[in-house]
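Just one chain follows, in the form predicted alone, and it is written as structure tokens.
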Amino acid sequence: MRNRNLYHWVGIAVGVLAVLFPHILPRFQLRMVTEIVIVALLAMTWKMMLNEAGLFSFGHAVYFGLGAYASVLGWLHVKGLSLMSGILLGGFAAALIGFILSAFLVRMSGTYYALLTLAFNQLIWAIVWKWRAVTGGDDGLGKFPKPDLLGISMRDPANYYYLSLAIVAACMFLCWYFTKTPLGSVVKSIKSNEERAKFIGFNVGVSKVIFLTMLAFFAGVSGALYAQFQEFVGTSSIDLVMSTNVIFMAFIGGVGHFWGPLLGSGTYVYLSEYLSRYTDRWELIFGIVVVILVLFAPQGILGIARKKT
């Protein structure tokens, strides 16, 4: 009970700070916090895939990148497309691809599942990289509209931060709510014992497809928000580096904890930003930090904090 009250007050404090950030942080720091909020949603979807369903993906950035590209193409080619419609377009495009890919992925498990996600990621990355007429290839796409929302300019960093915070908070709430639904319980039972779930009468394949499609949608929303945040989308949003970064974020915070991805994304963004200021080999240093964390704190930062309390 004491720990629960502590987490409750910490959550309230974090929420208050999140609302006050635009008023207390300089512009550069606010941009970093906005990036953390956006990629935290992506890390959350990967964490849920592993923690709830026991599925390890090496290609999760495919949904993030496709959501980014779909939304940007919509803003470029659909006249008058609103900001929210573009973000939803990114989510639904990623969900559609997630539905198609999951039809193949659910037939696999373990190492084979992980390798197949890697193969799909490389396949779609190659298509995006080669299809220059549509995607811009390695030059990417930029100079697309940034529509206002209800007359409020999204070019103001504070306004866009609040929009991202509201959308990500709503998506994370839906992720949490899913774990409390009957379908969420079915997915957990499949992770525990897939054969027993089949014997009881659950449709394992359909349950996995619905679950993966939902996560693809949220990852696509994250990608659409990220594209508008950067005002650019390129192949780096869909490559293996991005997929690896997502794994790092989830593990740093703790895949066994709901708020782990948020803490992990914050740690990753801040460390990568500040280390890159001092050395070009910051990725080597960051990799060493992650190795040490995995060896001595496999439950992540939140796992360490929970042990001490």
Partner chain sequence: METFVIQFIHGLVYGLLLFLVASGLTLVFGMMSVLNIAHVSFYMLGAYLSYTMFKVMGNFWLALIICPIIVAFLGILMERFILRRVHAAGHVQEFVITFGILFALNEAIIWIWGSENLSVPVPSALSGSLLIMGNIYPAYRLFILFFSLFILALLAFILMKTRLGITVRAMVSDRDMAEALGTNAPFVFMLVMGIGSWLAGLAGVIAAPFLGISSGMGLDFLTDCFIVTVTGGLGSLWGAVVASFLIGQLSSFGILFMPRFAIVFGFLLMAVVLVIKPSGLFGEKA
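Just so it is clear, the model here is predicted, and its values are computed rather than measured. Numbering follows the first chain given and starts at 1.
This next part talks about the form predicted in complex with the partner chain, which is not shown.
K.L.:
Using the partner position in the model of the complex, report whether residue 70 sits within 4.5 Å of the partner chain, counting heavy atoms only.
P.N.:
Taking the distances in the model of the complex, the answer for residue 70 is no, it never comes within 4.5 Å of the partner chain.
K.L.:
Taking the partner chain as it sits in the model of the complex, is residue 30 in contact with it (heavy atom to heavy atom, 4.5 Å or less)?
P.N.:
Residue-level check for residue 30: no, no contact with the partner chain.
K.L.:
Residue 122 near the partner chain in the model of the complex, any heavy atom under 4.5 Å?
P.N.:
Contact check for residue 122: yes, within 4.5 Å of the partner chain in the model of the complex.
K.L.:
With heavy atoms only and a cut-off of 4.5 Å, decide whether residue 50 touches the partner chain in the model of the complex.
P.N.:
Contact with the partner chain, yes.
K.L.:
Tell me which stretch of 102 to 110, 164 to 172, 74 to 82, 212 to 220 has a heavy atom within 4.5 angstroms of the partner chain in the model of the complex.
P.N.:
Only one stretch passes the 4.5 Å heavy-atom test: 102 to 110.
K.L.:
Decide if the three candidate residues 17, 25 and 231 all line the partner chain in the model of the complex, where lining means a heavy atom within 4.5 Å.
P.N.:
Checked in the model of the complex: no contact with the partner chain for any of the three.
K.L.:
Which one, 204, 118, 183, 96, lies within 4.5 Å of the partner chain in the model of the complex by heavy atoms?
P.N.:
It is 118.
K.L.:
Let me know which residues along 41 to 67 have a heavy atom within 4.5 Å of the partner chain in the model of the complex, or say none if there are none.
P.N.:
Sequence-ordered list: 50, 56, 58.
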